[in-house]
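Here you get one chain, nothing else, as structure tokens; it is the form predicted alone.
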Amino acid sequence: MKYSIPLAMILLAAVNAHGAIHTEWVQYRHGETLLEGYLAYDDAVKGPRPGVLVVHEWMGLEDYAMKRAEQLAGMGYVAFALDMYGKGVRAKTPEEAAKLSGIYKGDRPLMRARAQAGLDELRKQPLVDPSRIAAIGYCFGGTTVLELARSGAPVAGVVSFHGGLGTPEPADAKNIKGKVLVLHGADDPHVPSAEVAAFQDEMRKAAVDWQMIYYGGAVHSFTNPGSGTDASTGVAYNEKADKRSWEAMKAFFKELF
């Protein structure tokens, strides 16, 4: 997957400003399923630090989530891009992605448990302060981190980038322990206005500490340069929304940590 110059420059600057970014593949399990996530951290930073769980889009753990983990590592976090589907399982087409992601969308307990397995792996990393962990996710991953929060997982906060907001169990919002930030394309056709309204009502009823930021002109997958630039398709990169949403996440993390 190709990345735009702005993202590449940001990643290069992050590496140059700090020590070498250490990356490695980490195998772990959820029940009988072998998973393989991607760990990244700045080996020049000393001592325990906050951890950030990164949940991939519907195609599976690919370069995009890995590069975001590296970018977070350059900011001083230990980042772990988890694997929702299983070691080596990647969608080759949107149809395959819909089938794979649909397994978890249709079984929210499984989605929560698989995400929890990744969180557990991050929490036990020796450089991670387990009391300071957040989770971020993109599209399918955004839906996943919201479900992780609804499960009552011990995270300080979650950030959904252009993720689905609906859940079959809205009453579970009462279990949310941390803060919630939703970064949403104002023109995203894949998240109907009724779903947005239901999510906001869910958060209010559960008295969650939540925020939602809309980006005008942005559609689905607005942070991913690999999404193309034709907003009329409903899926497109938006450089301004990408940069603004990342800055919003950084401010959110500053508040959390």
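Computed from a predicted model, the values in this text were never measured in an experiment. Just count from 1 along the sequence shown to find any residue number.
Separately, the form predicted together with another copy of the chain exists; it is not shown, and the next lines address it.
The three residues Asp187, Tyr214 and Glu255 all sit with a heavy atom within 4.5 Å of another copy of the chain in the model of the complex. With the partner omitted here, the stretch from 66-74, 32-40, 51-59, 197-205 that lies within 4.5 Å of another copy of the chain by heavy atoms in the model of the complex is 197-205. Contact check for Arg132: no non-hydrogen atom falls within 4.5 Å of another copy of the chain in the model of the complex.
Among heavy atoms of Arg108, none comes within 4.5 Å of another copy of the chain in the model of the complex. Residue contact check for His22: none of its heavy atoms lie within 4.5 Å of another copy of the chain in the model of the complex.
Although the partner is absent here, Asp230 lies well away from another copy of the chain in the model of the complex, with no heavy atom inside 4.5 Å. Counting a residue when any of its non-hydrogen atoms is within 4.5 Å of another copy of the chain in the model of the complex, the one hit in 154-179 is Lys179.
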